[in-house]
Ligand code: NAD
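We begin with a single chain expressed as structure tokens, specifically the form predicted on its own.
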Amino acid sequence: MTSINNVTVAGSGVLGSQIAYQCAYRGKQVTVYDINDQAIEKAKSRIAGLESSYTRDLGTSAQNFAEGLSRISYTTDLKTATDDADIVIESVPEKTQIKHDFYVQLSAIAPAKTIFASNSSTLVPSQFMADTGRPAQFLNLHFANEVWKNNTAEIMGSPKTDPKVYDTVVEFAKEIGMLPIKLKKEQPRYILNSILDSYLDAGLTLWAKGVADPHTIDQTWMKATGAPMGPFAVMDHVGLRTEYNIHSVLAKESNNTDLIKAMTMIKSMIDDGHLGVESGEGFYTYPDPLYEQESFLKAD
């Protein structure tokens, strides 16, 4: 067993909330930190709403789910959140400046013992290790969406990460029910998103070019491969704000005009409140999205 018992999750969006509950479900004491009361209230609702998924996928009883909830506290004060933290898992928006500012603030108040771990989807630890004030105790720990079921934890250190800290986080990942995926070197987007982003980019490009609409693209992929979802359904589950933050950067870096156009289209959806599963509407409407209906893949 590791000495990591007190976990702070900074950022309570879709994935941050999942990480927080999974840690609590596996017996850790968890503090959820976010920037205001509105975000905290959304986190409480989002985490409570995980019960049906844990019941369906893991057979969790109502009592066991409630026990997990009892191990979670919430705060908008970062110092309170980290007072006795053994690890802080950062899951703030995927914007470089926000992460820089967060680590500068965190480094000034967190205890010396605290390990810092970023759940960044695309950025590498070398980009922020100087901000942390403790590069030896900093690394990336990336979770897949629906962490209780898609239970991988990609672990990526910088050249300055202490190997003992790395090994401790590998064991911690096991303790919270994850399969540790150990990366040997820094790689933007890790293994999972290096593959996933190319897949999503292909779908977005087809849509932006007007080759086919999102439902047709998803139908094609699902019918031909047997996958449970196509790229646009995946984006709904990840959250369109997260996808926009990630793919708008990739589009600009590559100067891909089709992806830039697709990001403009997604930004319009976000402005209309269509955020994906989180808001009940994205490329599909929820619950009971069209791609889950038997007729979606049937020939007329």
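Just so it is clear, the model here is predicted, and its values are computed rather than measured. A residue's number is simply how far along the shown sequence it sits, counting from 1.
Here the subject shifts to the form predicted in complex with this ligand, a form of this protein not shown in this document.
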Report summary line: With the partner omitted here, the residue among Thr60, Asn256, Thr242, Thr31 that in the predicted complex has a heavy atom within 4.5 Å of this ligand is Thr242
Report summary line: Contact with this ligand in the predicted complex, heavy atom within 4.5 Å, among Val249, Ile35, Ile260, Leu69 goes to Ile35
Query raised in the report: Thinking of Trp148, Met229 and Gly276 as the candidate spot, does this ligand come within 4.5 Å of a heavy atom on all of them in the predicted complex?
Result: no
**Report entry** Distance check, Ile98 to this ligand in the predicted complex, heavy atom within 4.5 Å
**Finding:** yes
Requested in this report: May I ask you to state whether Ser12 is within 4.5 Å of this ligand in the predicted complex, using heavy atom distances?
Outcome: yes
**Report entry** Contact flag, Asn119 vs this ligand in the predicted complex, heavy atom cut 4.5 Å
**Finding:** yes
**Report entry** Residue contact check: Ser91 to this ligand in the predicted complex, 4.5 Å heavy atom
**Finding:** yes
Requested in this report: Tell me, please, which stretch of 176-184, 120-128, 157-165, 208-216 lies within 4.5 angstroms of this ligand in the predicted complex when heavy atoms are compared?
Outcome: 120-128
Query raised in the report: Taking this ligand in the predicted complex, which residues of 128-144 have any heavy atom within 4.5 Å of it?
Result: His142, Phe143
